[in-house]
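Read the single chain below, which is given as structure tokens and is the form predicted on its own.
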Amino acid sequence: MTGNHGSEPKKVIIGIDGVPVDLIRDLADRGRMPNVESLLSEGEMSAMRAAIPEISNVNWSSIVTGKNPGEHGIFGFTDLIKGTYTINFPDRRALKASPFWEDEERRYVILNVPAMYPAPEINGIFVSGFVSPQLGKAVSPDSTLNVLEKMDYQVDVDSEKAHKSKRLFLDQLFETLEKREKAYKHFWEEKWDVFMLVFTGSDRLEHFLFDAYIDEEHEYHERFVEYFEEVDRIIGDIVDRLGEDDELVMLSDHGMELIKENVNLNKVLEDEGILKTGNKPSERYRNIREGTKAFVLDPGRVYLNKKDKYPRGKVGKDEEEVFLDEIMDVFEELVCDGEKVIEEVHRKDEIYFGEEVERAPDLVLTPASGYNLKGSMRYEDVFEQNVFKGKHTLNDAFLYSKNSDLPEEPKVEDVRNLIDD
């Protein structure tokens, strides 16, 4: 192992955001990820279950804390400011459980973990992943900023490019990966005990071009696979730097599959008379009107419009169970072309536990295969198509360990134990 690392065994965690276990096995089997193929012969890989909902900030929060959302308090990319219908975007400061890097007995390099902005002060180096509005606040210590600016470091690809040109989007995806590699190589030379690096371009690539992976005749199929070949090359470089006793853990935070239909859940509620809206959809949730029983936040989080919680709350304490039953029936009966849209409707106390459960959505919907659930307040129809081709999945993230035994049916909360061991 190169760099100033001492003689004690070290721990390296590699995250590849949004990659389903079948995809990584497929590319390894086809010889397109030869370094991963070699690792699979030396260690153990398993499918892993994501936290609900199966989105990045919820799951990376569970991965680094070892806690479920009812304990760490992150339930989605958006929340409503208490007592209002105004959206806010919880960041690392909303996390209610301690991530592994708060153990000051070890020294860390943490690069590009999503939803961890602004960067905390740690014993080591921290560079936040998406969403990071200002690079200056995404780094710790401050001296790290100068290093990253010199290499023109990029936190994330500009996804807007994919709406205009897939070619330009792909070009920037590879460019961002190149900067990530430069950063990892630079900070590898620091003194550390635990090194964590997350690739997030994989998630972006799959969202916009999962059809290119499925269809080998697709214009961008080879370019799609080439991205994973580059990730594999970097993984191989990392493995070459490891000592014999050093531990390697690789994982994704959720899986991915092809989208059949996007599903506007608030349109479903409005059609059923459960959600009442005004004529200003641009106001988003502030457009909710008197008489509303419930509304949905992305991706499938259902909140009762409670009297004691929201300005135009309708639902009293004694009515909650009746309305929950009504809403569950609506979503359980939702079909598209005769096919069931919702796989499962979860009550919050069935899937969450801990001190933050009171803040959790009242219901969380898990979609049937191919259905992409949306909580938008701007919609025309229940079902629609857009530029996105891939959607997150719950049961097919992956977890790999070279030296440690994996749990029989791993879930994202189990990763922390592999890091701490």
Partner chain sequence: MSDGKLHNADNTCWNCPAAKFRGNVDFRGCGQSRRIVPKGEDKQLMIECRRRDELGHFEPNITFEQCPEWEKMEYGYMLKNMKVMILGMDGYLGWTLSLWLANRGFEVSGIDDYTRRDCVMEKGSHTVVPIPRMTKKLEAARDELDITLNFRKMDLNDRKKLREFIEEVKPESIVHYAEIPSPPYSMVDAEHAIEVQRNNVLGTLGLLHIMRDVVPMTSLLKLGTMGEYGSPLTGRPLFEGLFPNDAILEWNDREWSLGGEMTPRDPHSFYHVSKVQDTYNVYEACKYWWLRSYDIMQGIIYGVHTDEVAAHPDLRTRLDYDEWFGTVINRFVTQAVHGIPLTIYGEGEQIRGMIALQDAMECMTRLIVSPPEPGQYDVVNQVSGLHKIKDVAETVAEVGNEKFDLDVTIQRLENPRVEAEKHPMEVVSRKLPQEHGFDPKVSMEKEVERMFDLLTKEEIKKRIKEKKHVIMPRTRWSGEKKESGVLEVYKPGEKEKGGYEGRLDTE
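The structure displayed is predicted, hence computed values, not measured ones. Numbering follows the first chain given and starts at 1.
One more form of this protein exists, namely the form predicted in complex with the partner chain; it is left out here, but the text below deals with it.
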_Quick check on Lys276: any heavy atom within 4.5 Å of the partner chain in the predicted bound form?_
no
*With a 4.5 Å heavy atom cut-off, would you call Glu178 a contact of the partner chain in the predicted bound form?*
no
_Proximity of Lys374 to the partner chain in the predicted bound form, heavy atoms at 4.5 Å_ = yes
*Is there any non-hydrogen atom of Gln134 lying within 4.5 Å of the partner chain in the predicted bound form?*
yes
*Candidate from Lys317, Lys150, Arg93, Arg289 lying within 4.5 Å of the partner chain in the predicted bound form - any heavy atom*: Arg93
*Among Leu168, Val335, Ile81, Val322, which has any heavy atom within 4.5 Å of the partner chain in the predicted bound form?*
Ile81
*State yes only if every one of Phe199, Asp237 and Ser252 has a non-hydrogen atom within 4.5 Å of the partner chain in the predicted bound form; otherwise state no.*
no
*asked:* Counting any heavy atom within 4.5 Å as contact, can you tell me which stretch out of 242-250, 178-186, 214-222, 82-90 lines the partner chain in the predicted bound form?
replied: 82-90
_the partner chain in the predicted bound form - contacting residues of 279-312, heavy atom within 4.5 Å_ = Ser282, Glu283, Arg284, Arg286, Asp298, Pro311
